[in-house]
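Only one chain is shown below, in structure tokens, and it's the form predicted on its own.
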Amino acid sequence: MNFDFSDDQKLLKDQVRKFLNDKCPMTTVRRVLEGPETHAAEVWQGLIDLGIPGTTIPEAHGGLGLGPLELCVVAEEIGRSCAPVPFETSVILATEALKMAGSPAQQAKWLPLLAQGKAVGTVALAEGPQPLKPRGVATRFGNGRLNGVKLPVTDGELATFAIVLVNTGGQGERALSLALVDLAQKGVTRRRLETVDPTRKHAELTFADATAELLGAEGEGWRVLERLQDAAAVYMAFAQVGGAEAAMWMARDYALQRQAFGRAIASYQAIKHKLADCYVKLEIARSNAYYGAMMLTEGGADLPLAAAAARVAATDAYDYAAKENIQTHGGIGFTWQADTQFHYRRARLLSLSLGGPMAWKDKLVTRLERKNAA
């Protein structure tokens, strides 16, 4: 069985990498970190010119009509560069949610705009730092009106529309639905929030009788969200694999040129062990991500299990590589001037973007138990 990507997929991966190497150096990431911009507009426009926002959008809606594997290889390169663009929110979450649950009219309206880069989508799920649970969703939707507060919302300032997890009445999971809301209206207030990764801006969204419409059937929001998160977990695992690999090579390159006691620090056993551990975790994460991509492409029954495994392994690999990158750089790795901070910030952010590591470990254990009991 061949788990490798095709020549065309590798070519796409190379094109995206070359573009990001040229147009998104760490100086660009630092500019967004230190400045007021919501994102790196020139990088995002370049990705639009390459057709990246429309990767998995059907050709009938102006997209490229490609499959999950193509989006996986793009996600890996986005993660490798720490690109400050709305990729995870708009290209993965919002686009996939519309494809999964959107009505023909909603898809006809929004998918072409997403594919052309004329709209940016996001998802608004959390209502604070607590874990996302059905009973904790207070934002309400009824009679076409949305009321409540969502925070933090990635790209909340930039987004054109949001897909919001709402309470439509009832008990437990059946009380939850998804609502699609245009953010360019008076009933929506946005306020920037400070987070661990300012290269990916977050906001608090307040809805006061904002006009909205259901996305999917009423009471099916939690079920759709679980499917969406499983798909997104695979794509984001590739982004984390790309970031982990970049952090590992950054540490390796520094260790080869940094001298201590007359020799490169890469020659010391302690550094070798750190880098070897990074590599082992990276390859475990990559293997799980590849299996998740296969299940996602084939619609395999093992997708929920594969997604959880990919998510757990990739989070662990990126977190470890980002930390050891800082440690390998020593004292300079903790300074504001060091680029090591970018992978650490992104690793922390991605580890929480779909729910924290413990939540996904619980999912993995539960899904393994179900499979073994079957």
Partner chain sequence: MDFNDTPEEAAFRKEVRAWLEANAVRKSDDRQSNRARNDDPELLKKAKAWQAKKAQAGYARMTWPKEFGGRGASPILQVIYQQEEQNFLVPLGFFDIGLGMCIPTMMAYASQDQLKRYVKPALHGDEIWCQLFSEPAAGSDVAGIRTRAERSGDDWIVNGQKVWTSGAHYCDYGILLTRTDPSVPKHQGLTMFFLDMKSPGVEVRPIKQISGGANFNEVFFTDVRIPDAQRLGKVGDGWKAALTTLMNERLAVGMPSGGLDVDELMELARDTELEDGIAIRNQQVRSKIAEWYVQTQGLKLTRYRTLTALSRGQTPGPESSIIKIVAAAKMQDMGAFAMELMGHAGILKDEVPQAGGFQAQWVGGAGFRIAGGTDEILRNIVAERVLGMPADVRVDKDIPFNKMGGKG
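Computed from a prediction, not measured in an experiment: that's the story for all the values here. Residue numbers count along the first chain shown, from 1.
If you look for the form predicted in complex with the partner chain, you will not find it shown, but the lines that follow are about it.
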{"item": "In the predicted complex, the one of Arg252, Arg174, Arg258, Arg145 near the partner chain [non-hydrogen atom within 4.5 angstroms]", "value": "Arg252"}
{"item": "The partner chain: the contacting residue among Thr168, Thr195, Thr206, Ser287 in the predicted complex [heavy atom, 4.5 Å]", "value": "Ser287"}
{"item": "Segment assignment from 309-317, 54-62, 36-44, 337-345: heavy atom within 4.5 Å of the partner chain in the predicted complex", "value": "309-317"}
{"item": "The partner chain in the predicted complex reached by all of Met248, Leu305 and Glu369, non-hydrogen atom within 4.5 Å", "value": "yes"}
{"item": "Close approach of Lys186 to the partner chain in the predicted complex, 4.5 Å, heavy atom", "value": "no"}
{"item": "Asp8, heavy atom within 4.5 angstroms of the partner chain in the predicted complex", "value": "no"}
{"item": "is_contact(Arg191, the partner chain) in the predicted complex, heavy atom dist at most 4.5 Å", "value": "no"}
{"item": "Exercise: Met100 in contact with the partner chain in the predicted complex, heavy atom 4.5 Å", "value": "no"}
{"item": "Within 257-281, the residues that have a heavy atom no more than 4.5 Å from the partner chain in the predicted complex", "value": "Arg263, Ala266, Ser267, Gln269, Ile271, Lys272, His273, Leu275, Ala276, Asp277, Tyr279, Val280"}
